Structures are given as C-alpha cells and as structure tokens.
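Take a look at this one chain, the form predicted alone, written out in structure tokens.
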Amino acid sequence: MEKEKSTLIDKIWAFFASVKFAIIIFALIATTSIIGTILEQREDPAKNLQILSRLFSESLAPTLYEIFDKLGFFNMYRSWWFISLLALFALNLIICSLDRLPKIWKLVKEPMLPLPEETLKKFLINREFTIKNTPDNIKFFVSDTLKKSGFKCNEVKEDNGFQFFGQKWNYSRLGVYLTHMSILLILIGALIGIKLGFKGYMEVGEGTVSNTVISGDKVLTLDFLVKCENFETEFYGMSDMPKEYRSWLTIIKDGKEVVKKSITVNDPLTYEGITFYQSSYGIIPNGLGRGIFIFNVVSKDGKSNLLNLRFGDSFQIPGTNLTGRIIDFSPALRYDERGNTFTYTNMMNNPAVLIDFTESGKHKFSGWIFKRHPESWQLPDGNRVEFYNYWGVEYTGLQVRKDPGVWLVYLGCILISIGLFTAFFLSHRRIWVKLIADKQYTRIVIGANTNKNRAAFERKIDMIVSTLSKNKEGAK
C-alpha cells in the first residue's frame, strides 16, 4: 500500500515537533544566556569595554563592543531575537505535547481487562508459583495483599479460579506534560515582567521624598511618593564592616501616608505591585553640614533633655550653668599613634562631634563624643551627652522592581517541581494475578508491566510473591 504524501502543514508540524529542533533552540538559549551573564546588562559602556578587554584584548574590545551592541547583547533579555527564541521554544513544547498527548492519554484511560495465562507469561515481569490451598480460600488474602501494595484491583470469576487486575499511578504518564505546562507558565510570566514591568534604582535622603526611578536609560515617575524617615547602619562590633542596613520608609499617596515600614536587605516593602529593596546607602552630597544632631543631655543628678541641634548650636546641661557648643564634626574619626585625630572616610562609619563647654562664659573643657562609643558620652564633671544620631545627611539606595508576571513564575516553579517528581519518581504500574485451581493446590500466575523503573517494580512483585507464598494454611 502506497504511503500518503505529507502536506506542507504536516512537514512544518513534524519539524516543530521534533526533539532535534528542541535541542537546537535550547542550546541557543543557553549559549546566549551565558554571554548575557558575562556582559553587564543595561550598564555603563565602560564596564563592558573593561570586560571585553579582559577577555580578549584592548585593541579588539571597541570592535567587539560595537558588534555586541548592534546584536543587542547589552540588553539581551529584552531583545527581539531572544524573545523570539523563547517563543520558538514555547511553540516546540506546545506542538510536542499536542503531538504525543493523544497516545499517552489513551494509555492513561485504557481500561484493564482480564488476560489469558499465555499473555501473562509473555510480560517482561512475570512470576509463577504454587501453594497448597484452594482459590476460594486465598482469594481474600490475595485481594488484601494487592490492596496493601497500592493496587485497587478488580476481581473476575473464571472457570478454574479467579483473576485480579489493577493499576496505580496511571496519571504519572502526564507528569511530563505538567512539566511542559509549568515551563510555559514561567516563560509567559517572564515575558509579562519584561513587557509590563521594570527594574530600577532610586535614592531618597533622610527626611526627603522622591518618586523618580532610574531604569537603565529611562527615568520613570511613580504615582506616589517614597519618604525616608530615617536610615541606620549596624556594624559588626567595633569594625567598619556593615552588618545590616535599615531604612524607615513611608509611602505617601494623594497627600496621605498609606504605608509605613522599616526595610532591610532581605525584608523589602511592596506597594501596588512595586517592591522596594534595600540595596545601598551613602552621604548626601554637601549634606554633612546640614544635618540634625540628636542628643540626650543628662545631668549628674539625673535630669535629662532630648535635643535636636544643628552645627554651631549651643545647649545647656539641665540644672547647671554648663553650656556646650558644637564646633566640629567628623563622619569617621580615628586617632593615630600620636593621639591626633583624622577622618579616614566620608561615610558615616564612626561619627563623632567635638563639643566645647563653658561655664559662666569661661572655657571649662572640650572633647570628642562618638556615636558608636558610649564611653565617650561621660563628661569629666559627671554629666553626660548621649550622641544618638546625626540625621538628614545620609540617603538610602533602593532597588525598585515591578514584575506583574512573578506570580506566574512562582506557580510555574511549584508545578515544575510536582511535574518532575511525577515524571522521574512515579511510574504507571499494572498487574494481573491469576489463581488457577489444581486439585488441592492453587497455581498463581502473575504478569506485570511498567513504563519505567522496571527493577524497582520487580522487587515489589517479589515482595508480593513472598507474602502470598507464606499463605499455606488458608489464612483469610
């Protein structure tokens, strides 16, 4: 009989349904993703020129940069060709699934029927043994044993005995399709994030508000304001290694405060689908002389006063004639071997304030008070000046992200775990057990098959055989 000629549509369908095409597309996505990982995405050209110079040579770097730029490798995940590769991969998954699903679905839904002895002996997994008992006496025990092994079996009365047959995990054959669907969900979620979302950065100074986000070469404006109420850095012991950054943020919309939250690196704030992550911090340009010193001044008899002061302001110790005046400040003060002070960085690593004290107009003493060294708060005459904060001089750097497709990505990740577990660790198992009367004996013939992991199923069959073989006295 002559084969039917394939139409153009059949050829196109077969091409997109082929495993070879899937491997080629996947290899292209993986290779280009490696390049996109090495090269900085949507960053300053100088960084990528430096990377290319390191990988190749300084003379080749400018030419390669121009080629990669034209190909869109510096904004690869939003380029038309990368999205096209993802679309082709998705199309291949869909067509592969549709092409093979009817056959697999037929196997899943195919009803089990009793089979003759000759057929059972042809299975790759088959066992035959005899026990001293009648089929009527042992049929309940056989049914119970199969049930305990996970098989819900049907029972058929035959001329010379009984036959039991059942299956389990028949839907495990669909695990691969659940995996395919979850990959599609992840791709769709990622594309939604690329097209409708953004990733950017914003800086908000202490006590100020902002709604401007820098996203690559674009400036985005939020429809609400982000205010930084305060920013604090916690260090490891007395070192300059930051342990934790914390920003106290307030969201203001239509003139009203709608959300307040303190955020850290692993504890962001989310509002209207936009998430703010703590990512960096720094000193506001020219802001060191404009902040507010927060002191708690305590006299030696216990009287206290919380003060907000600016550089050059004076204050009085409660209940005394002692007046202090702020005459100098350092964001990071240190003493050298000779006992001289110096500022070793412009960051607020070890802030200290120099206060000059007078009593009744006469100079009494002066000294540096450190924020991170409470022992420096104690004055020579028994009074205390507790240095709580220098507020309004730092900014918090926030990574801002909007990804409306992220819930699809999360759902896809959950489903892919279920799908992979089902596809790799579960198998469609079927079993037939035939009880054949032979005078005062029963001959038991077992036939079974599985779509994968035959060795494990054979061990299970051997356990069933061992259990049934022990029933020599008609146990029910």
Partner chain sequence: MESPLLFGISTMAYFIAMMIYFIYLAFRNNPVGIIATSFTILGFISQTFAIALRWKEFAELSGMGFIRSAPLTNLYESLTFFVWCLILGYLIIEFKFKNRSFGAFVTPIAGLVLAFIDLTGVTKEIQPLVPALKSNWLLAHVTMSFIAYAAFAISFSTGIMYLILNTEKKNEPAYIFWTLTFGLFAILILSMGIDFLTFKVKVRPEIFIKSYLFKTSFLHPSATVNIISWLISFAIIFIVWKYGFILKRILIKFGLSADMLDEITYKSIAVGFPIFTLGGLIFGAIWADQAWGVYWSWDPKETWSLITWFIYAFYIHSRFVRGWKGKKAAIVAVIGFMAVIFTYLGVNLLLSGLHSYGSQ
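Whichever C-alpha set is largest while still superposing within 1.5 Å between the two forms counts as the rigid core. Since the model is a prediction, treat every value here as computed from it, not as a measurement. Numbering follows the first chain given and starts at 1.
Omitted here: the form predicted together with its partner chain. The next part is about that form.
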Q: State the residue from Leu49, Leu60, Ile67, Ala27 whose non-hydrogen atoms include one within 4.5 Å of its partner chain in the model of the complex.
A: Ala27
(Q) Between Val209, Leu91, Leu98, Val265, only one gets a heavy atom within 4.5 angstroms of its partner chain in the model of the complex; which residue is that? (A) Val265
Q: Among 136-144, 103-111, 333-341, 187-195, mark the stretch whose residues have heavy atoms within 4.5 Å of its partner chain in the model of the complex.
A: 187-195
(Q) Just checking whether Val406 would be counted as a contact of its partner chain in the model of the complex - the rule being heavy atoms within 4.5 angstroms. (A) yes
Q.
Taking any heavy atom pair closer than or equal to 4.5 Å as contact, tell me whether Ile416 reaches its partner chain in the model of the complex.
A. yes
Q. For Ile9, is any heavy atom within 4.5 Å of its partner chain in the model of the complex, or not?
A. no
Q. Would Glu244 show up as a contact with its partner chain in the model of the complex if we use heavy atoms at 4.5 Å?
A. yes
Q. Going by heavy atoms, what in 412-426 lies within 4.5 angstroms of its partner chain in the model of the complex?
A. Cys413, Ile416, Ser417, Leu420, Phe421, Phe424, Phe425
Q) So with the core overlaid, does the Cα of Leu408 end up 2 Å or more away between this form and the one not shown? A) no
